[in-house]
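Let's start with one chain on its own, the form predicted alone, as structure tokens.
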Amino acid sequence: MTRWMLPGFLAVGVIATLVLIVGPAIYAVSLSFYDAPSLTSEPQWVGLAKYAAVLQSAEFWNALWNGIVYAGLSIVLQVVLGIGFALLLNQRFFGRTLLRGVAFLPYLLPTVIAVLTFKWMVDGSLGIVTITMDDLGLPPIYWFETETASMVSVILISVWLWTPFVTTTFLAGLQTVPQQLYEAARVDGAGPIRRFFHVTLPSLRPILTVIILLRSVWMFNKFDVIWLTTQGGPLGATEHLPVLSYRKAFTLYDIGSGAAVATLSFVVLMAVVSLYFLLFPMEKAK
């Protein structure tokens, strides 16, 4: 590599970052200070009026709470199930390699296919879940008609889709735990539960920290599952900030309010991530 190539690569990277990331982000934030019924109309400067209106609206706080519930419960279930499946797939048994591949399949599914499959499974007349519950004498569940069931539905779809990613990450982490630690714990008389809490879990702590951080950002910004499933309904029960921002900008044609909601969502997420790094700082490599 010649001397002039390194500055050239750096310049290309900086320009690409400015054009593809920084520029659109600044433009999106600037839209929140204008009143514009569309992206092609002449915007009118309104200052912080859009922010004041958004912060005084009940739908913003409802969407923020829904986002916290959706992201929080999804992450807890993904992490618990991911660790459980990783521990299972880390054992030696016949067909382990095949089962590891099958367990990763849901992560490869397009989101729209996963949503349509879930809707078909819980269909009121033909769904296999509905028929099974009826055969067991259980009362029907109106998955998309009631507020609680709708939130449960989008959480279940999200857990189904992204638990394989968490499982694979923890499984890779388990491969790095020194077996001598388990042998020493056995010599000290530690059972499976004590070995998990005193050996496995501390060894997975760096991975757990990164997984929770990444899943928090991804789930808080996740748009496709909720939009394809409920579009935020019924009665706003599953509408979180990304859906609210989209609805205001592209359904109600209030570009400024949509941009204000997106900017406030970014600020909330930045505050949470900063607090997370403060509470759980990344360990320095030794």
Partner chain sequence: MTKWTSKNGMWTRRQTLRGVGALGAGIALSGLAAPALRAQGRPIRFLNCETGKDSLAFFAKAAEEYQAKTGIEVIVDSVPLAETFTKITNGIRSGQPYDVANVGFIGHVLLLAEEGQIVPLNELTDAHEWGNNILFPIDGKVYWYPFDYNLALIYYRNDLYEENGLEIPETWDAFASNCEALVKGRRKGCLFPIGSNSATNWMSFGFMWAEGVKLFDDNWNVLLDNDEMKPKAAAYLDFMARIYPTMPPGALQASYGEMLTNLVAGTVAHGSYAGRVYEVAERDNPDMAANLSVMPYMDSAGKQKAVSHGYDGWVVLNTDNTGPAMEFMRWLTTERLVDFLHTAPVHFQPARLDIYDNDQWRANPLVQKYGDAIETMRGLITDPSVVLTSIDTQGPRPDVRPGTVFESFALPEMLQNKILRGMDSGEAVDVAAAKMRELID
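Keep in mind that what you see is a predicted model, and the values were worked out from it rather than measured. Residue numbers count along the first chain shown, from 1. Each form is matched to the other, and the largest set of C-alpha atoms that superpose within 1.5 Å is called the rigid core.
Just so it is clear, the following notes concern the form predicted in complex with its partner chain, a form of the same protein that is not shown.
A.B. asks: Could you spot which one of Leu55, Leu48, Val217, Leu235 gets a heavy atom to within 4.5 Å of its partner chain in the model of the complex?
C.D. replies: Checking each option against its partner chain in the model of the complex, the one that comes within 4.5 Å is Leu235.
A.B. asks: Quick check on this chain: which one of Ser32, Thr229, Ser245, Asn66 has a heavy atom within 4.5 Å of its partner chain in the model of the complex?
C.D. replies: The residue in contact is Thr229.
A.B. asks: Where, among 169-177, 81-89, 194-202, 141-149, do residues come within 4.5 Å of its partner chain in the model of the complex by heavy atom distance?
C.D. replies: Contact criterion met by 141-149 only.
A.B. asks: With heavy atoms only and a cut-off of 4.5 Å, decide whether Asp188 touches its partner chain in the model of the complex.
C.D. replies: Although its partner chain is absent here, Asp188 would stay clear of it in the model of the complex, with no heavy atoms inside 4.5 Å.
A.B. asks: Taking its partner chain as it sits in the model of the complex, is Lys119 in contact with it (heavy atom to heavy atom, 4.5 Å or less)?
C.D. replies: Lys119: yes, in contact with its partner chain in the model of the complex.
A.B. asks: Looking at the partner-bound form in the model of the complex, is Leu181 within 4.5 Å of its partner chain by any heavy atom?
C.D. replies: No, Leu181 stays farther than 4.5 Å from its partner chain in the model of the complex.
A.B. asks: Would you please decide whether Val210 lies within 4.5 angstroms of its partner chain in the model of the complex, comparing each non-hydrogen atom pair?
C.D. replies: So Val210 does not count as contacting its partner chain.
A.B. asks: Using a 4.5 Å heavy atom cutoff, which residues in 122-142 contact its partner chain in the model of the complex? It's fine if the answer is none.
C.D. replies: Going through 122-142 in order - heavy atoms within 4.5 Å of its partner chain in the model of the complex - the hits are Asp123, Gly124, Ser125, Leu126, Ile131, Asp134, Asp135, Pro140, Tyr142.
A.B. asks: Is the shift of Pro140 between the shown form and the other one large enough to count as movement, that is, does its C-alpha move by 2 Å or more after the core is superposed?
C.D. replies: True for Pro140: a C-alpha shift of 2 Å or more.
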